[in-house]
Each structure stands twice: as C-alpha cells, then as structure tokens.
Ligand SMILES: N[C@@H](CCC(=O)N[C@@H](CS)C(=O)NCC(=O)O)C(=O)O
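In structure tokens, the next block holds one chain alone, the form predicted on its own.
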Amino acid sequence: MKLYDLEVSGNCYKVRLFAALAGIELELIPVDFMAGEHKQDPVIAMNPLGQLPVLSDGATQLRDSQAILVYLARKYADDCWYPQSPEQQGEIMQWLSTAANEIQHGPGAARLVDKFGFELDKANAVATANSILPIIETQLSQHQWLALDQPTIADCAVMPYIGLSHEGGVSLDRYPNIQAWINRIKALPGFISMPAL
C-alpha cells in the first residue's frame, strides 16, 4: 500500500499519523511538490486534482485525506477508530467535515500564506481560525476527545493544522483545552510527529 506523500503537508500527515497509531504499514512515496511532481504521472493519473495525499492500495486509489482515513479505518483498523454505528459515524463525520472546511480554510490557509507564500486572504483565514477554535475549545472542555470517548479518526483529521497553527500566526495561548488535547494525542502509543509540530 503506497501513500504519495509530502512531509510538510498537514493533510499527508493526517494519514501517516493515523496509520502509525493504528499499526497500518504504508510505503511512503515522496512527491517533489516544488518540482511539480504532483501535476505529473503517476500522481495526476490517480488524482486529476493534482493534490496530495493519494493512496494506492492494489486496485483502489483514493484522494483526499479524510476519505483515506475512513478507508483505512474501515478496512485495516480496529473498530474503535471509526465504529460501525450510524450515530458514532455521524459524530466522527461532522469533525471530518470541519477538518476539510473551517480548519483547512482557517489555520491551514494562514499557514499556507506565512510558510509557503500562497496568495490567499490571510485576514479571512485568521478570522475563520478565530471562529472555529473557540468551538473546539468548548468541545474539549467537556470531552477528552473530539467525537467519542476514545481517540478516533476525527482527532487525526482535525489536530494537524491546529497543531501547526503557529506557522500561520495563529496562537493557541487562549485555548488550554486544545493544548491538552494535542498533548493527549502526542502521548498515544505509536504517535509520530512532523516538522514544526
């Protein structure tokens, strides 16, 4: 099973992190983003959007980190990461959607501006971060984990760009529950890190 990967990508890290926590072996295929390899074969043939990560598992090829997390959890991991009940899946999915929307376009986008020089609306990204972080802080003031009473793929999906928010000028100083949650994730058996986390 191959993961077409970019080390500094939070979306790629989500997949690497979950695989490490769940004991799933991945062959990492580094993609030279600066040389445009994500817009060339074999990546572009598997993902016409030209984005990373891309997972190749035999005949199955998937793009989008949230979709990959669901696939890996259902096919290769213990049920605790993505249980089968519709209620529990719904709890998790709403946080996967948050990861793909408010987190991606908030702290994730602010990081793209500051760290990589993307021409995005930094003020809007910071405003989005400032609107979602208090909601997550409140959730984590009442729960140890985002979705259920144990770590799930929701935590793997949401944490990376929040943990990297300082690279976009977004501080977590006002969010002690978020900081404690990040530390709980870091304390999980099998945890792996990434640059700047």
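Each residue number is its position in the shown sequence, starting from 1. This one's a predicted model, so the numbers in the text were calculated from it and none came from an experiment.
One more form of this protein exists, namely the form predicted in complex with the ligand; it is left out here, but the text below deals with it.
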Mark residue 53 yes when one of its heavy atoms lies within 4.5 Å of a heavy atom of the ligand in the model of the complex, and no otherwise.
yes
Should residue 64 be counted as a contact of the ligand in the model of the complex, where contact means heavy atoms within 4.5 Å?
yes
I'd like to know if residue 89 sits close to the ligand in the model of the complex, meaning any non-hydrogen atom pair within 4.5 angstroms.
no
In the model of the complex, does residue 38 come within 4.5 Å of the ligand, counting heavy atoms only?
yes
Within 4.5 Å of the ligand in the model of the complex, heavy atom basis, the matching stretch of 185-193, 169-177, 8-16, 21-29 is 8-16
Suppose contact means any heavy atom within 4.5 Å; which members of 124-158 contact the ligand in the model of the complex?
none
